[in-house]
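Below sits a lone chain in structure tokens, taken as the form predicted alone.
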Amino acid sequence: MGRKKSFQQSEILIIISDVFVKYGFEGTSLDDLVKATGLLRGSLYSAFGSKRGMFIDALSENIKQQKDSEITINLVIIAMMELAAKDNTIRQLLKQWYKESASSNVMELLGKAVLKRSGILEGGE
């Protein structure tokens, strides 16, 4: 009999989101996720299936909880730049986010976030 899951998935998704924002999807290794969460590889795979599953769950949860937050915008940018062209599930999530976005200035939010991620725009300029 397997061990009972002993972590809050929502809390782990916050940590996973931060790791993906820090390193991007491609730049995030499973070791990064294991180190940040303190969970074993098997626990992460059991809960999320794959690194892609972790990203999709993190993106979905952030979209659901806080559509226009800085972390969500950064996950959206990562999804657009690294995954959407080849992943229909992520592309559909992004389309839904865009359609339902509470902010009428979503393009400005995305633009500022890209400039900030690149180091061109510092702080809250």
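Predicted model, so just to flag it, every value in this text is computed and none were measured. Throughout, we count residues from 1 along the sequence that is shown.
Another form, the form predicted together with another copy of the chain, is not on view; read the next lines as being about it.
Shown alone here, K67 lies farther than 4.5 Å from another copy of the chain in the predicted complex, counting heavy atoms only. Residue contact check for Q8: none of its heavy atoms lie within 4.5 Å of another copy of the chain in the predicted complex.
None of the heavy atoms of I14 is located within 4.5 Å of another copy of the chain in the predicted complex.
At least one heavy atom of A85 is located within 4.5 Å of another copy of the chain in the predicted complex.
Not one of R41, A47 and M54 is positioned with any heavy atom within 4.5 Å of another copy of the chain in the predicted complex. Contacts between 27-61 and another copy of the chain, taken as any heavy atom within 4.5 Å in the predicted complex, involve only G27.
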